[in-house]
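In C-alpha cells, one chain follows: the form predicted alone.
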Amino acid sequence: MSQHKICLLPGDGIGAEVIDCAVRVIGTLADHDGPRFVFDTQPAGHGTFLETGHSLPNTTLEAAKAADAVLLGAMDVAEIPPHGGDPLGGLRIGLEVSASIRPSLTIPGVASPAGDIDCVIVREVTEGLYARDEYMGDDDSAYAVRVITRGASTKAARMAFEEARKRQQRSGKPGLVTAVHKVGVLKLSDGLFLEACADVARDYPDIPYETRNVDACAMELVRDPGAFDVILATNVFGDILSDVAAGMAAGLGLAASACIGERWAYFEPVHGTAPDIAGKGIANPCATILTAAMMLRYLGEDASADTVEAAVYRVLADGEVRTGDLGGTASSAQMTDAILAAMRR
C-alpha cells in the first residue's frame, strides 16, 4: 500500500474547515485499498502574517518542498500589506510551478447556466500583470509592469498541450488548445506569448491549435461553452476566464484547481476565504474535496481519485444533502458524511 506525505496549508477564513473535510475523505481511502497519508500542517496566510510578520515563513516553504504534494485551503491575500509577503506568489515561485489547471464541468443535479461545458483553463501563474512590479510615477499616477517571458510561456503551453492529450486519450475526442490574447493592443508581450505557444504547438501535431482574442473567448464561453476544450492564457486573462468558466459550470463552491511544476505542486479550491461564513461550519467542502482528487491523480492514485470524484458527484446528483450555496441547509460536516457514505456504497 502506497503512502504519501501531504503538506497542509489551511490558510484563512473557511480554509481550515474545508481542509479538515478533505482530510477526512482522503484519510479513509486506506479502507478502500487506497493510499495512506502522513499530514504535516504548516502556517501561511493573513493570520500567519499577523502572528509572525510574514505570510509565508521559510519553514513553511521548506516543508512544502519536502512533501509529495501541498493541499491548500484559502488565503486572505488582499489583507496582507506588501511588506508581509505574498503567500501564493511565494509558493508559485518557490515550488517552480509551470501553470495552474482549472477544470470546469457541468455536474448532473447542479443547476448551471451552461447546458454543456467540459473545459480546462491552463493559466500561467508566475508573471504577467500579476508579477507585482508596480511603482508610483507621482502622486497622481501609478504603473504596473506586465512581464511575459518565453520560458514561462513555453512551460504553460506545454502543460496545456499535455492536458489536451490526456483528455483526448480519455474521451476519444480530437482535443483542442485555444491560446487567448490581446495582441492587437499588447503587440510585444502577447506577441511573445503567442510565438512561444506556436513553437510548442508544432511538437503536438495531433492536437488542434487555435488562437482567439480574450474578449471573443469570454463571449463564446457564455454563448457556446461546449466549443472549448483547453484554454491557454496568461495570468490575468486566465484568472478571469477561469471564474467565468466556473460560473458557467457549477459555481465556485465546486471549482477545483492545481498548480503544477516539474518537481513540486500545490492544490487549492478556486473559492476564497468567505469571511462572512467562516467558523459557522456551513462552507461547501466539495471544491476542496475535488481538489484533493486532482492531487490524487498527480500522485498517481487514479483509482482513488475516481472513487472520490464519483462519491461527490453521486451526492450532488441525489440532491438530498446540499450546503447553502447549492440551495440546501446541510453543514460542511453533513456534506462530508454523505460523501463518505457514498464512498462506502
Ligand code: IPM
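Numbering starts at 1 and runs along the sequence shown. Treat the numbers as computed from the prediction; the structure is a model and nothing was measured.
A second form of this protein, the form predicted together with the ligand, is not displayed here; the remarks below concern that form.
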| property | result |
| --- | --- |
| Site test, Arg158, His181 and Ala198 vs the ligand in the model of the complex, non-hydrogen atom cutoff 4.5 Å | no |
| Glu127: touches the ligand in the model of the complex, heavy atom cutoff 4.5 angstroms | no |
| Residue contact check: Arg167 to the ligand in the model of the complex, 4.5 Å heavy atom | no |
| The ligand contact in the model of the complex: Val77, any heavy atom under 4.5 Å | yes |
| Close approach of Leu88 to the ligand in the model of the complex, 4.5 Å, heavy atom | yes |
| Contacting member of Asp239, Asp229, Asp190, Glu163, with respect to the ligand in the model of the complex [4.5 Å, heavy atom] | Asp239 |
| Region of this chain that lies against the ligand in the model of the complex, out of 147-155, 206-214, 219-227, 88-96 [heavy atom, 4.5 Å] | 88-96 |
| Those residues of 155-178 which, in the model of the complex, come within 4.5 Å of the ligand by heavy atom | none |
